[in-house]
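Form predicted alone, single chain, as C-alpha coordinates, below.
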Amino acid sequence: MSDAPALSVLRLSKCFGERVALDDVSFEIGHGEIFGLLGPNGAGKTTTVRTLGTLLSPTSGSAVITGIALAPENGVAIRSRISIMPESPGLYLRLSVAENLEAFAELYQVPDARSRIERALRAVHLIDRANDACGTLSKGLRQRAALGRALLSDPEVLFLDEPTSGLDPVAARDVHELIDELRHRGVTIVLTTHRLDEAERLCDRVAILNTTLRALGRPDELRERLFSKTLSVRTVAPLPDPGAVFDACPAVDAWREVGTASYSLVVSDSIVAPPAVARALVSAGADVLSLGESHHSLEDVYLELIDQGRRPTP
(Lines give C-alpha, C1' and ligand atoms only; values in the text may rest on other atoms or scores of the structure.)
Protein backbone atom coordinates (compact mmCIF):
# COMPACT_ATOMS: atom_id res chain seq x y z
CA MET A 1 0.00 0.00 0.00
CA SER A 2 1.28 3.44 -0.96
CA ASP A 3 2.36 5.87 1.73
CA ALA A 4 0.30 8.53 -0.07
CA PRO A 5 -3.16 9.22 1.39
CA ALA A 6 -6.17 7.53 -0.16
CA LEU A 7 -7.73 10.93 -0.66
CA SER A 8 -6.24 14.41 -0.45
CA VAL A 9 -8.22 17.67 -0.67
CA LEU A 10 -6.59 21.09 -0.97
CA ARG A 11 -8.52 24.37 -0.66
CA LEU A 12 -11.62 22.92 -2.31
CA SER A 13 -14.51 25.33 -2.94
CA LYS A 14 -17.85 24.99 -4.68
CA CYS A 15 -20.28 27.79 -5.51
CA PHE A 16 -23.73 27.61 -7.03
CA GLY A 17 -24.09 31.07 -8.52
CA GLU A 18 -23.58 33.47 -5.64
CA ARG A 19 -24.22 30.83 -2.98
CA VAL A 20 -21.08 29.35 -1.45
CA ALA A 21 -21.67 25.70 -0.57
CA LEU A 22 -18.06 24.81 0.27
CA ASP A 23 -15.29 27.27 1.04
CA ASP A 24 -11.53 26.57 1.07
CA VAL A 25 -11.67 23.08 2.61
CA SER A 26 -8.54 20.94 3.00
CA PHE A 27 -7.99 17.48 4.55
CA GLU A 28 -6.38 14.09 3.90
CA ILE A 29 -7.76 10.60 4.49
CA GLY A 30 -5.55 7.57 5.05
CA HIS A 31 -6.00 4.13 3.55
CA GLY A 32 -8.50 2.01 5.49
CA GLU A 33 -9.72 4.99 7.53
CA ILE A 34 -13.35 5.78 8.33
CA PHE A 35 -13.61 9.53 7.97
CA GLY A 36 -16.74 11.34 9.12
CA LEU A 37 -18.19 14.51 7.60
CA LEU A 38 -20.44 16.21 10.14
CA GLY A 39 -22.43 19.40 9.95
CA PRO A 40 -25.92 20.90 9.85
CA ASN A 41 -28.15 20.86 6.77
CA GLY A 42 -26.58 22.99 4.06
CA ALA A 43 -23.09 22.71 5.58
CA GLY A 44 -21.55 21.25 2.41
CA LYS A 45 -21.32 17.55 3.31
CA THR A 46 -23.18 16.16 0.31
CA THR A 47 -21.59 18.76 -1.96
CA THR A 48 -18.18 17.50 -0.82
CA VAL A 49 -19.14 13.89 -1.59
CA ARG A 50 -20.58 14.75 -5.00
CA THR A 51 -17.55 16.83 -5.91
CA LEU A 52 -15.02 14.18 -4.86
CA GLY A 53 -17.19 11.57 -6.56
CA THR A 54 -16.85 13.50 -9.88
CA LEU A 55 -20.58 14.31 -9.99
CA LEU A 56 -19.87 18.05 -9.57
CA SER A 57 -16.93 20.13 -10.76
CA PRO A 58 -15.22 22.21 -8.07
CA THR A 59 -15.21 25.98 -8.43
CA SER A 60 -11.62 26.11 -7.18
CA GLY A 61 -9.10 24.00 -5.34
CA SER A 62 -7.86 20.51 -6.08
CA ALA A 63 -8.08 16.90 -4.91
CA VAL A 64 -6.28 13.62 -5.50
CA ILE A 65 -8.35 10.44 -5.16
CA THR A 66 -6.56 7.07 -5.05
CA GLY A 67 -3.57 8.72 -6.70
CA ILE A 68 -5.57 10.35 -9.51
CA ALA A 69 -6.03 14.12 -9.79
CA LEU A 70 -9.62 15.33 -9.73
CA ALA A 71 -10.10 16.62 -13.28
CA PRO A 72 -12.78 16.12 -15.98
CA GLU A 73 -10.49 13.97 -18.12
CA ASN A 74 -9.86 11.64 -15.16
CA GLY A 75 -13.51 11.11 -14.24
CA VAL A 76 -13.78 7.57 -15.63
CA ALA A 77 -10.54 6.45 -13.97
CA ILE A 78 -11.63 7.86 -10.59
CA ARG A 79 -15.13 6.35 -10.81
CA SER A 80 -13.60 2.92 -11.49
CA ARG A 81 -11.88 3.08 -8.07
CA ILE A 82 -14.63 4.60 -5.93
CA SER A 83 -18.28 4.02 -5.18
CA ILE A 84 -21.04 6.22 -3.77
CA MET A 85 -24.04 5.07 -1.76
CA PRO A 86 -26.55 7.95 -1.65
CA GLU A 87 -29.05 8.49 1.15
CA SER A 88 -31.88 7.13 -1.03
CA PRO A 89 -31.11 3.53 -2.10
CA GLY A 90 -32.43 4.04 -5.66
CA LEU A 91 -33.20 0.36 -6.25
CA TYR A 92 -35.69 -1.06 -8.74
CA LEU A 93 -38.38 -2.28 -6.36
CA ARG A 94 -39.96 -4.78 -8.77
CA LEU A 95 -36.65 -6.52 -9.35
CA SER A 96 -35.08 -8.96 -6.95
CA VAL A 97 -31.95 -8.08 -5.00
CA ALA A 98 -29.83 -10.20 -7.37
CA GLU A 99 -31.50 -8.69 -10.46
CA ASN A 100 -30.75 -5.20 -9.19
CA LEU A 101 -27.10 -6.05 -8.75
CA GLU A 102 -27.02 -7.73 -12.18
CA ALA A 103 -28.49 -4.60 -13.80
CA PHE A 104 -25.94 -2.31 -12.19
CA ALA A 105 -23.07 -4.71 -12.84
CA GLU A 106 -23.96 -4.64 -16.54
CA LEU A 107 -24.46 -0.87 -16.52
CA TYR A 108 -20.99 -0.30 -15.06
CA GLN A 109 -19.40 -3.16 -17.03
CA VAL A 110 -18.17 -4.89 -13.89
CA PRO A 111 -15.77 -7.71 -14.80
CA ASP A 112 -16.54 -11.24 -13.59
CA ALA A 113 -20.01 -10.02 -12.64
CA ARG A 114 -21.40 -13.29 -11.29
CA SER A 115 -18.69 -13.80 -8.68
CA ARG A 116 -18.69 -10.09 -7.80
CA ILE A 117 -22.46 -10.20 -7.19
CA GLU A 118 -22.20 -13.29 -4.99
CA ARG A 119 -19.32 -11.73 -3.05
CA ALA A 120 -21.29 -8.50 -2.56
CA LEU A 121 -24.38 -10.38 -1.38
CA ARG A 122 -22.31 -12.33 1.12
CA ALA A 123 -20.61 -9.16 2.32
CA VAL A 124 -23.96 -7.57 3.21
CA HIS A 125 -25.47 -10.86 4.47
CA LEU A 126 -28.22 -11.01 1.82
CA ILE A 127 -27.33 -14.24 0.06
CA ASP A 128 -30.51 -15.86 1.41
CA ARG A 129 -32.64 -12.91 0.22
CA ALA A 130 -31.13 -12.67 -3.26
CA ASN A 131 -34.35 -13.69 -5.03
CA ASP A 132 -36.66 -11.46 -2.97
CA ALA A 133 -38.11 -8.41 -4.69
CA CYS A 134 -36.60 -5.24 -3.25
CA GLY A 135 -40.08 -3.80 -2.77
CA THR A 136 -40.83 -6.52 -0.21
CA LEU A 137 -37.78 -5.74 1.92
CA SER A 138 -37.66 -3.54 5.00
CA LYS A 139 -35.85 -0.23 4.69
CA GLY A 140 -32.90 -1.67 6.61
CA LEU A 141 -32.58 -4.59 4.18
CA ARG A 142 -32.88 -2.22 1.21
CA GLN A 143 -30.01 -0.20 2.67
CA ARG A 144 -28.00 -3.40 2.84
CA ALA A 145 -28.85 -4.14 -0.81
CA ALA A 146 -27.76 -0.63 -1.78
CA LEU A 147 -24.50 -1.15 0.08
CA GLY A 148 -24.03 -4.42 -1.78
CA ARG A 149 -24.55 -2.57 -5.06
CA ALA A 150 -21.91 -0.03 -4.02
CA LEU A 151 -19.44 -2.87 -3.38
CA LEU A 152 -19.80 -4.41 -6.85
CA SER A 153 -16.85 -2.47 -8.24
CA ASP A 154 -14.63 -3.50 -5.31
CA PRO A 155 -13.95 0.18 -4.53
CA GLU A 156 -10.85 1.53 -2.85
CA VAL A 157 -12.85 4.50 -1.50
CA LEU A 158 -16.51 4.21 -0.54
CA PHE A 159 -18.65 7.30 0.05
CA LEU A 160 -21.65 6.67 2.33
CA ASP A 161 -24.12 9.57 2.43
CA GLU A 162 -26.38 9.23 5.51
CA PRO A 163 -26.42 5.38 5.30
CA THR A 164 -28.66 4.92 8.38
CA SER A 165 -31.08 7.80 7.78
CA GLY A 166 -34.56 6.75 8.87
CA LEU A 167 -33.50 3.33 10.12
CA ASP A 168 -34.59 1.91 13.46
CA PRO A 169 -31.83 1.15 16.01
CA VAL A 170 -31.59 -2.55 15.11
CA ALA A 171 -31.30 -1.90 11.36
CA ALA A 172 -28.81 0.92 12.02
CA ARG A 173 -26.71 -1.43 14.15
CA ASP A 174 -26.64 -3.95 11.29
CA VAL A 175 -25.35 -1.27 8.90
CA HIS A 176 -22.74 -0.24 11.48
CA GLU A 177 -21.49 -3.81 11.68
CA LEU A 178 -21.21 -3.97 7.90
CA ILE A 179 -19.20 -0.75 7.86
CA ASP A 180 -16.91 -2.17 10.54
CA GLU A 181 -16.36 -5.26 8.39
CA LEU A 182 -15.43 -3.08 5.42
CA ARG A 183 -12.91 -1.23 7.60
CA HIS A 184 -11.26 -4.55 8.46
CA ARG A 185 -11.05 -5.34 4.74
CA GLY A 186 -9.07 -2.12 4.22
CA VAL A 187 -11.76 -0.10 2.40
CA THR A 188 -11.43 3.66 2.92
CA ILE A 189 -14.83 5.07 3.91
CA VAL A 190 -16.09 8.65 3.84
CA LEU A 191 -19.24 8.82 5.96
CA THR A 192 -21.66 11.74 6.14
CA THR A 193 -24.09 11.56 9.04
CA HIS A 194 -26.29 13.61 11.34
CA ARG A 195 -26.07 10.89 14.00
CA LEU A 196 -23.23 11.96 16.26
CA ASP A 197 -23.33 8.72 18.26
CA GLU A 198 -22.80 6.92 14.94
CA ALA A 199 -19.78 9.07 14.08
CA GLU A 200 -18.31 8.58 17.54
CA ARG A 201 -18.72 4.81 17.28
CA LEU A 202 -17.42 4.35 13.74
CA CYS A 203 -15.08 7.16 12.72
CA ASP A 204 -11.33 7.26 13.20
CA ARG A 205 -11.43 11.02 12.54
CA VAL A 206 -14.13 13.56 11.82
CA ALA A 207 -14.32 16.86 9.97
CA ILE A 208 -16.96 19.28 11.21
CA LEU A 209 -18.17 21.40 8.31
CA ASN A 210 -20.29 24.50 8.19
CA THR A 211 -19.39 25.63 4.65
CA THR A 212 -15.85 26.04 5.97
CA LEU A 213 -13.92 23.42 7.90
CA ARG A 214 -14.61 24.12 11.58
CA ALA A 215 -12.48 21.32 13.08
CA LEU A 216 -10.64 18.15 12.11
CA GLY A 217 -9.31 15.34 14.27
CA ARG A 218 -10.12 12.30 16.36
CA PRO A 219 -13.16 12.75 18.60
CA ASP A 220 -11.01 12.55 21.76
CA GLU A 221 -8.59 15.15 20.35
CA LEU A 222 -11.45 17.55 19.63
CA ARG A 223 -12.82 17.11 23.14
CA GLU A 224 -9.44 17.90 24.70
CA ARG A 225 -8.96 20.88 22.37
CA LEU A 226 -12.30 22.48 23.21
CA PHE A 227 -13.01 21.59 26.82
CA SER A 228 -11.13 21.73 30.11
CA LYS A 229 -10.67 18.54 32.10
CA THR A 230 -13.34 18.29 34.77
CA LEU A 231 -14.14 16.04 37.71
CA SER A 232 -17.66 15.32 38.92
CA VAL A 233 -18.14 14.84 42.66
CA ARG A 234 -21.29 13.68 44.44
CA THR A 235 -21.63 13.35 48.20
CA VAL A 236 -24.44 12.03 50.39
CA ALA A 237 -24.99 15.45 51.97
CA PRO A 238 -23.92 18.95 50.86
CA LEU A 239 -20.49 20.01 52.04
CA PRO A 240 -20.73 22.72 54.74
CA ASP A 241 -17.77 24.59 53.23
CA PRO A 242 -16.85 23.29 49.74
CA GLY A 243 -14.16 25.93 49.29
CA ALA A 244 -12.29 24.68 52.34
CA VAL A 245 -12.22 21.22 50.76
CA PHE A 246 -11.47 21.99 47.13
CA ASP A 247 -9.40 25.20 47.16
CA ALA A 248 -6.39 23.54 48.78
CA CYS A 249 -6.35 20.52 46.46
CA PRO A 250 -3.43 20.41 44.01
CA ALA A 251 -4.34 20.64 40.28
CA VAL A 252 -7.86 21.93 41.06
CA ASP A 253 -8.18 25.26 39.25
CA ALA A 254 -11.84 26.03 39.93
CA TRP A 255 -15.01 24.46 41.23
CA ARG A 256 -18.75 25.09 41.25
CA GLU A 257 -21.82 23.53 42.76
CA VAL A 258 -24.01 21.97 40.04
CA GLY A 259 -26.78 20.53 42.18
CA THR A 260 -27.57 19.43 45.68
CA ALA A 261 -24.40 17.77 46.98
CA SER A 262 -22.94 17.72 43.44
CA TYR A 263 -19.82 19.59 42.34
CA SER A 264 -17.89 20.14 39.11
CA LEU A 265 -14.15 20.76 39.38
CA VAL A 266 -11.93 22.14 36.61
CA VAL A 267 -8.54 20.43 36.90
CA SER A 268 -5.18 20.90 35.23
CA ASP A 269 -4.03 17.31 35.78
CA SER A 270 -6.51 14.44 35.74
CA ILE A 271 -3.97 12.09 37.35
CA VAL A 272 -2.98 14.27 40.33
CA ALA A 273 -6.36 15.82 41.14
CA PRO A 274 -8.67 12.81 41.79
CA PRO A 275 -6.71 11.18 44.64
CA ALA A 276 -6.07 14.59 46.21
CA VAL A 277 -9.78 15.44 46.08
CA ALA A 278 -10.69 12.03 47.50
CA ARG A 279 -8.31 12.50 50.44
CA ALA A 280 -9.66 16.00 51.11
CA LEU A 281 -13.26 14.75 51.10
CA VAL A 282 -12.47 11.92 53.51
CA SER A 283 -10.58 14.33 55.79
CA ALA A 284 -13.62 16.60 55.83
CA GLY A 285 -15.81 13.69 56.90
CA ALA A 286 -17.81 13.62 53.65
CA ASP A 287 -19.53 10.44 52.49
CA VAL A 288 -18.59 10.17 48.79
CA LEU A 289 -21.11 8.68 46.37
CA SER A 290 -19.03 9.15 43.22
CA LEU A 291 -15.89 10.87 41.98
CA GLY A 292 -14.80 10.65 38.38
CA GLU A 293 -13.69 12.48 35.27
CA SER A 294 -16.43 14.04 33.16
CA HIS A 295 -16.37 13.12 29.48
CA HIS A 296 -17.76 15.43 26.85
CA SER A 297 -19.43 13.71 23.92
CA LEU A 298 -18.86 14.36 20.24
CA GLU A 299 -22.26 16.06 20.34
CA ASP A 300 -20.86 18.58 22.85
CA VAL A 301 -17.94 19.26 20.49
CA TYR A 302 -20.25 19.60 17.49
CA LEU A 303 -22.66 22.00 19.20
CA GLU A 304 -19.84 24.13 20.57
CA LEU A 305 -18.21 24.50 17.15
CA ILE A 306 -21.47 25.18 15.31
CA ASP A 307 -22.47 27.74 17.97
CA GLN A 308 -19.08 29.43 17.58
CA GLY A 309 -19.79 29.81 13.87
CA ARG A 310 -23.11 31.52 14.61
CA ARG A 311 -21.82 33.97 17.21
CA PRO A 312 -21.26 37.52 15.97
CA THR A 313 -17.66 38.58 15.55
CA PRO A 314 -16.67 40.96 18.38
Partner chain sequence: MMKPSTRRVRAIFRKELREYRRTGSIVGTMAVVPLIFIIAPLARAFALPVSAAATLRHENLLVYLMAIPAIVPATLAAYSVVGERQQGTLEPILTTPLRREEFLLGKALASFIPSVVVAYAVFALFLACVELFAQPVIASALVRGPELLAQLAFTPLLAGWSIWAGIAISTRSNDVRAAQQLAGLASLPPIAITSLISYNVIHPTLRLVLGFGIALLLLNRVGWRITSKAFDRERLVTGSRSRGERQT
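These figures come from a predicted structure and were not determined experimentally. Residue numbers count along the first chain shown, from 1.
As for the form predicted in complex with the partner chain, it is not shown, yet the points below apply to it.
- The chain is drawn here without the partner chain; in the predicted bound form, the stretch among 183-191, 105-113, 122-130, 199-207 whose residues come within 4.5 Å of it by any heavy atom is 105-113.
- With a 4.5 Å cutoff on heavy atoms, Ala237 does not count as touching the partner chain in the predicted bound form; it lies far away.
- Contact annotation: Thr54 falls within 4.5 Å of the partner chain in the predicted bound form, judged by heavy atom distances.
- In the predicted bound form, the partner chain lies within 4.5 Å of some heavy atom of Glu99.
- Looking at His31, you'd find every heavy atom of it more than 4.5 angstroms from the partner chain in the predicted bound form.
- Proximity to the partner chain in the predicted bound form, defined as a heavy atom within 4.5 Å, holds among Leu216, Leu137, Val175, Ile84 only for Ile84.
- Proximity to the partner chain in the predicted bound form, taken as a non-hydrogen atom within 4.5 angstroms, holds for one residue of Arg223, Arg195, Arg79, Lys229, which is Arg79.
- Residue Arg149 is the sole member of 149-169 found to place a heavy atom within 4.5 Å of the partner chain in the predicted bound form.
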